[in-house]
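In the block that follows, a single chain appears as structure tokens, in the form predicted alone.
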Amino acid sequence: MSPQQVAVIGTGQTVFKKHHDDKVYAELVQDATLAALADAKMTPDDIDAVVFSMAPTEFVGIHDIEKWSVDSIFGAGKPLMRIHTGGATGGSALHAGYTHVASGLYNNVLVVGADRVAETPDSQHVLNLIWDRFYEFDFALNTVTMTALSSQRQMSLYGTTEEQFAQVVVRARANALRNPHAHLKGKITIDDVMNSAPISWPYKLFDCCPRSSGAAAMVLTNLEGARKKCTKPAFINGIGATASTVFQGDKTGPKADVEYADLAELEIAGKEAYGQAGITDPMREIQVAELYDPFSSMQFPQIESLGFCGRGEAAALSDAGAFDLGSELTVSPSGGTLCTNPIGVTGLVRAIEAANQVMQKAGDMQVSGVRNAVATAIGGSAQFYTCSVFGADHL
């Protein structure tokens, strides 16, 4: 039996910032839920099941925080599933919600979550817990140093420069000026990035995402529901995901299955999503890409893994403006993860922004003529990858 068509008909976000001193976690997640339900023209009673998107609860200091949130998201008495795949959590939660509807098990599903990353004084200490206690923990790798090593490899392979990474930051911050929800935004220069505080070579402070707090939600339904509730739904026409090893040593060297610098596992997820969606020429058929890029160096390999250009070509295309607002491919018109990273829902925010572009609901961020958009998420030790394709037309 073929899967049912799944569509996004409502989305909601809070403002993202370092702290929300005026609200507790359950209130934040409720705000996003209410916004998404209103956008979908639904009431809580219309929702059949809930998928809760939340990464490490250590960030917030409350174990199993979804249990506290059940009543606030109107989930009491309904099936509820929590998803956690690190930074990829929001993308994985979307895929779980998609499967709930595509299987025919539920008609209307709420995908929702929130994060308060800055509640912990050292989020990198929390993230460092993913490493193997015997082989890798003593090396003090964290998400910054881990991806910095990948960046060094990228520079060695393709000649990518720190200034080219900096241009990604400049574009992201400028795009975020149009985004009322974004955490970091502003007009900065390449020199501003280059002169920001050193973190882990080649990263400077501005090459790195902020620790963001906030909530996001999305309402999914089937084709019948989409026709009744929404004049311009965003159909989820393809999803793909893959997992890789947690061990950094297994990702490098001559015996590695894929090139670490290329984030090449995303190519697997992308091909699966494209195959389902009937995408054969990404650069011609996709107008917007919302990428999970918490560090400046993570944008180019994703663009290449998703087939928008060849390996090692994205940096030069970026310099030429190929990914600017209104170009043939607009990359992260929202400002992306470099400007806003509430880890437990970052992947969901990427999906929301991509879906909003297709639904023509992106406000000042709207790109003209969007028919298809793609969203990614990456988690763990760059070991979990998701890719989702949204289209204005159903299959």
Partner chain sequence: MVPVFKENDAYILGVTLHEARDRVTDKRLEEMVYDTAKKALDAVGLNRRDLDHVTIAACDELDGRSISSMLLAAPSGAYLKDEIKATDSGLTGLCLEATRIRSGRFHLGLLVSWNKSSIAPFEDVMRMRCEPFYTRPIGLNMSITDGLFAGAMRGADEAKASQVAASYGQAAARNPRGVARTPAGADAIAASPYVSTPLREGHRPPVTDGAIAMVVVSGKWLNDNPGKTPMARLSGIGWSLESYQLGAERLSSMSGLKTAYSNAMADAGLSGAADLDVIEIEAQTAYHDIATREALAIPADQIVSPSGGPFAQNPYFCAGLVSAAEAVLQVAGKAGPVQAGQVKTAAAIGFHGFAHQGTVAAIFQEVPA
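Since this is a predicted model, take the numbers as computed values, not measurements. Positions refer to the first chain, counted from 1.
The same protein has a further form, the form predicted together with its partner chain, not shown here; the description that follows concerns it.
Site residues 152, 156 and 185 are none of them in contact with its partner chain in the model of the complex, judged by any heavy atom within 4.5 Å. Stretch-level contact analysis of 192 to 200, 103 to 111, 283 to 291, 313 to 321 against its partner chain in the model of the complex, using heavy atoms and a 4.5 Å limit, identifies 103 to 111. Using a 4.5 Å cutoff between non-hydrogen atoms, residue 14 does not count as a contact of its partner chain in the model of the complex. Looking at residue 241, you'd find a heavy atom of it within 4.5 angstroms of its partner chain in the model of the complex. With a 4.5 Å cutoff on heavy atoms, residue 328 does not count as touching its partner chain in the model of the complex; it lies far away. Put simply, residue 268 is close to its partner chain in the model of the complex: some heavy atom of it is within 4.5 Å. This chain is displayed alone, yet in the model of the complex one of 225, 86, 214, 210 has a heavy atom within 4.5 Å of its partner chain; that residue is 86. With the partner removed from view, the residue among 246, 230, 118, 177 that has a non-hydrogen atom within 4.5 Å of its partner chain in the model of the complex turns out to be 246.
The single residue of 348 to 380 lying near its partner chain in the model of the complex is 380, the criterion being any heavy atom within 4.5 Å.
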